[in-house]
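Only one chain is shown below, in structure tokens, and it's the form predicted alone.
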């Protein structure tokens, strides 16, 4: 599949295994989500554009670089919230915009309940953050919103993806790169990823 980037980093594989373990408590689960998110963001931002910047070191003038693109983080509520801090540690100047979607358990379709994006886009690159790319409905809906907002460069960053969700995103938004820690086997009859890690929101916030 084009524009699909499952990570092969040993640290991500190690931390993801601990994340999947049903014995991992919410505190450790949140820590692992932050750590994996930072590693994935490092990989997902390898093509950000730079512009020259000259600085003075204690010894000489240095012709260096700085980011020329303004970054926006868009966590899909609520599970995506846990990914923000890890990415923010790498890019503390990134703006954060929240989009609230929940999955109708009967239809498995996304329902939007929160969106406070300003009228005009304030960033040039958006990283959509959601731990689970399951059916793909929420990811597609979020990318639709961001495109209507006027963002030209969008990437999806998640922990685990199912083939069904990946296919839906690529069908609707083939130009959007998908960065994942792992691609799992399939969805079950309730739309949960197998083998997965359970409900990422419940496990982060201790509400399962």
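Computed from a predicted model, the values in this text were never measured in an experiment. Numbering follows the first chain given and starts at 1.
What comes next is about the form predicted together with a small molecule, which is not displayed.
Using a 4.5 Å cut-off to the small molecule in the predicted bound form, not one of 36, 85 and 128 places a heavy atom inside that distance. Contact with the small molecule in the predicted bound form, judged by any heavy atom within 4.5 Å, is made by just one of 77, 96, 117, 90: 77.
Among heavy atoms of residue 101, some come within 4.5 Å of the small molecule in the predicted bound form. Interface membership of residue 136, defined by any non-hydrogen atom within 4.5 Å of the small molecule in the predicted bound form, is confirmed.
Among heavy atoms of residue 201, some come within 4.5 Å of the small molecule in the predicted bound form.
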